[in-house]
Each structure stands twice: as C-alpha cells, then as structure tokens.
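Consider the single chain below, provided in structure tokens and representing the form predicted alone.
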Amino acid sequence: MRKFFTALAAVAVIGLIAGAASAEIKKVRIGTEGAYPPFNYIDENGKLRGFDVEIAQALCDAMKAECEFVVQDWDGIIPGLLAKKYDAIIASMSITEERKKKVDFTDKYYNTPAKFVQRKGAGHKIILEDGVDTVADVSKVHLNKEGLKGKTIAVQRATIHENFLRDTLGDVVTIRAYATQDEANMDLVSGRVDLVLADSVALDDGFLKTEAGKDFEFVGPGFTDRKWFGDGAGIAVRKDDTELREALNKALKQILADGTYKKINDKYFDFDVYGG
C-alpha cells in the first residue's frame, strides 16, 4: 500500500512539474515575412496584417501568451528560427519532407493549391489534358513541355513553387526567382516573364484582385502533389521545442473548435482555406 501511495505521489509531482512547464510559455516570438498578401503583409500604416498574423494572435490568445512578431525575409526565415531570432514561423510555410530535416512542424493550419497566372488571352497551355481541375499526382498528367519551351516563368525564391518548377519544367523553361512574390508579379506585369507560379490564394487576393492584376488570369489546374507541396501550411519550430509545438497544436484545435478560426477565415476568404 505504501508503494501504491508513493507511486501516486510521484505521478502527482510529475503532473505538477508538467503543468508548471506548460505555464512557462508566457511569450511567443513569431517570425513572418510581411510580403505575402493576404497571408502576411505590411499595410499603408506600416502595420503587420494578414491571415497568418491573425491566426498567430489567436493561437497566442488561446495559450494565454503574448505574441511578438519579427519580420524576416523569406530566404532567411528558417536560418532565423535556428538562430533563435524567434520561436516559431507562421508565414504560410508548407510542411515538406525536406524542411522537416531542419525543423519540426505543427499540424497544418491551411492547405491551398499552387497555380500559374498569365496575361489574359496569352493562350499558354500548362497540361495537355482538358478538364483537369486539380493535380495531386504530376506523374499522371502530361505537362505541355513542348508548348512551354522557351517561356520564362517567375517564382519566389526558396519556395516549394521554385522546387516544383525546376524539377518538372526546368529543362525547357527559363526560371526567374525573386526575393518576394510582389517582385515576381510585377515582372509579369512589365512583360519580362510569361507566367508566374505561386499559391493560388496569394495570387488571387494579392495580385489578380488588385489594379495591377486586372489584365491577368489563372491558367491550368491547381497543383497539390505532396512530393513538392507537402501537407499544407504549418507552424515551424525548432526540433527541440516539443513543448511549444504541442501547445500550438492544442491551441489550433481550440480555435478550430470554438469558431475563432472560421471568423478569421471568413474575414479573408469566401471559401474554407483549411482544406481537406
């Protein structure tokens, strides 16, 4: 009996220690890009805005922790996390096997396909099949390599979209990689490139629905092939930060269940960005 009560006491102590450790997350420094509307961007007043930003704040609120945002260029965003400039990345970062070698991820917090954009009437054909809306396995479609041969395609540097382009069309097209998505979009407007590839929502809200994008349109299907596009966008944390990852996952489940996520979703999108 004594051993039984001793074991119970030990369990209680462990529980108290775990609870105390969990309660230690008082502040979370969030790294984000600030150049990827509508997900994260700097508004006309110099304020950080966007879906990623509001989701981050909602997660901090659910954790009863203070949020501090750190703006970081995209191509340095993982190195910045590893250097402890911030504690987590909430910047529309897709969960891929390659990235998981360096960082850990929470569950996804949204999932949208990649698409190409062209000038209206340009007539580019991305794949040879007709009536294909979403491509989850590129090996099952025929990319129009002959028709795209010699074209120049813009993409943001160090992204899943750049990897996809280089692996699937790099032998027939010229790829121009840019520091930000806005720079890629503007070279499409200026006629320096023939097409842009990026996340479909970022292109729609951040470009096609703007004055600069009025003469442009989507072309071809959406691409979701897990080999390149992973399992949706997740929150990256350092590999040894299990406590923060689990706290963020718990908070994500909470905001999905209590309607907070939907409220933020509906502010930015007229569809469910969380995805299947």
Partner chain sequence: MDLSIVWESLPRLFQGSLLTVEITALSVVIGLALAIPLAMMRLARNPFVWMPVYAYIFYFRGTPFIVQLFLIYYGSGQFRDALDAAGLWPFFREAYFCAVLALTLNTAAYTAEILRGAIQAVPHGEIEAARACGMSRALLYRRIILPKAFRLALPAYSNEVVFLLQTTSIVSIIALMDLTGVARVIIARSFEPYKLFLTAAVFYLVMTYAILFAFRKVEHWLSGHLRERPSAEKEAAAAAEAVALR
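Numbering follows the first chain given and starts at 1. Everything numeric here is computed off the predicted structure, so don't read it as measured data.
Form predicted in complex with the partner chain: not shown, discussed below.
S.K.: Among 189-197, 202-210, 128-136, 110-118, which stretch has residues whose heavy atoms lie within 4.5 Å of the partner chain in the model of the complex?
M.R.: Result for this chain: 189-197.
S.K.: Indicate whether the candidate residues Arg99, Asn163 and Glu183 are all in contact with the partner chain in the model of the complex, with contact defined as any heavy atom within 4.5 Å.
M.R.: Yes, all three are in contact.
S.K.: With a 4.5 Å heavy atom cut-off, would you call Gly123 a contact of the partner chain in the model of the complex?
M.R.: Outside the cut-off, so no.
S.K.: Asp167 versus the partner chain, in the model of the complex: is there a non-hydrogen atom within 4.5 Å?
M.R.: Contact with the partner chain, yes.
S.K.: Is Tyr178 part of the interface with the partner chain in the model of the complex - any heavy atom within 4.5 Å?
M.R.: Taking the distances in the model of the complex, the answer for Tyr178 is yes, it comes within 4.5 Å of the partner chain.
S.K.: Does the 4.5 Å heavy atom contact test between Ile78 and the partner chain in the model of the complex come out positive?
M.R.: Residue-level check for Ile78: yes, a contact with the partner chain.
S.K.: Only one of Leu143, Val172, Ala158, Val71 comes within 4.5 Å of the partner chain in the model of the complex by heavy atoms, so just point that one out.
M.R.: Looking at the other structure, the residue within range turns out to be Ala158.
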